[in-house]
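Only one chain comes next, encoded as structure tokens, the form predicted alone.
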């Protein structure tokens, strides 16, 4: 599967990383750790790379107005999901929650009273991200809510490496998926004969996405190396 190898998709990100001085007063330690860590090369087999698979549930779809209500993540090492690394955080409410969003994730404001602050949650997430490739299903929301948080807090745009299992599936559909109308996580998992999990729970969705990525890697590459650069290009918005 070498339909693109022309340009290193990670070179620009690495240049961005090198241009930022990680030692800035007031920047969270996790962000400084991200900036201190060189990015992997495009040729690196993703099986050799630590992955952080994560998901946000939000109060709505507008990243400028709405806020994250929960985060969940899990790490993958050497092709194995490290369940001991799994985390699920409820965030304190800082804005009204859209009723339709509550109907999906079932997190009501009363539950968020026991949550952590947005800053504390992102500090934990930055630390978890350091040195890892990020994996999300349908990364538009996570990218935009992350970007808006950085802007609101005068933090730099970070050189993060994102993989999107939705975009990967659209770039390399199985024969049975030609003409598919749904790329939802649950529908894709069903096509891979993965078990059904409850949807719209940040940690459950993160674990479900991790399993989907491993299934995609096996379908596309079997035992052959799976170069990171190809996955990054397939994951572009």
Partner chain sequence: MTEELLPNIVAFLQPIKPFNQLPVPVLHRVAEQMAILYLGQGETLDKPTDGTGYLYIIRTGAIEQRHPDGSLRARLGDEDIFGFGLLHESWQQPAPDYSVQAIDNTLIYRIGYQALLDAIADYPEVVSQLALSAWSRMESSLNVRWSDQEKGLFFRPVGDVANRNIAVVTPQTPIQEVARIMRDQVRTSCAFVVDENRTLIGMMTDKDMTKRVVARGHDIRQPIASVMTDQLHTVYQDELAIRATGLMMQYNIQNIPVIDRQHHVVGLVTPQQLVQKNSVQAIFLIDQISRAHSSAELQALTPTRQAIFEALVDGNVSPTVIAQVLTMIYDAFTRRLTELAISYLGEPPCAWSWMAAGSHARGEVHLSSDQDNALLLDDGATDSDRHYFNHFAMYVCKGLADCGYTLCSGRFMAVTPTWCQRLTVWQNYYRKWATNPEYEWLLNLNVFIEIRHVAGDGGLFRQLDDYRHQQISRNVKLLAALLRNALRVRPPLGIFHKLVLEKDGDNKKVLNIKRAAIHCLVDLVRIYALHADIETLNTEDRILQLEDRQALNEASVQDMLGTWRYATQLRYLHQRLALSRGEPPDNMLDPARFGSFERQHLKDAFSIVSGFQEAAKMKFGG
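Numbering follows the first chain given and starts at 1. What you see is a predicted model; the values in this text were computed from it and never measured.
Omitted from view is the form predicted in complex with the partner chain, to which the following refers.
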Quiz item: With the partner left out of view, is residue 38 within 4.5 angstroms of the partner chain in the predicted complex by any non-hydrogen atom?
Solution: no
Quiz prompt | residue 66 within 4.5 Å of the partner chain in the predicted complex, heavy atoms | solution = no
Quiz item: Just to confirm, residue 211 within 4.5 Å of the partner chain in the predicted complex by heavy atoms?
Solution: yes
Quiz item: Do residue 143 and the partner chain share at least one heavy atom pair within 4.5 Å in the predicted complex?
Solution: no
Quiz item: Which single stretch, out of 115-123, 83-91, 131-139, 149-157, brings residue heavy atoms within 4.5 Å of the partner chain in the predicted complex?
Solution: 83-91
Quiz prompt | Residues 172, 184 and 229 all lining the partner chain in the predicted complex, heavy atom within 4.5 Å | solution = no
Practice problem: Note which of 49, 33, 207, 42 lies within 4.5 Å of the partner chain in the predicted complex, where distance is taken over heavy atoms; exactly one does. | Solution: 207
Exercise. Output the sequence-ordered list of residues from 181-201 with at least one heavy atom within 4.5 Å of the partner chain in the predicted complex.
Key: 193, 194, 195, 196, 197, 198, 201
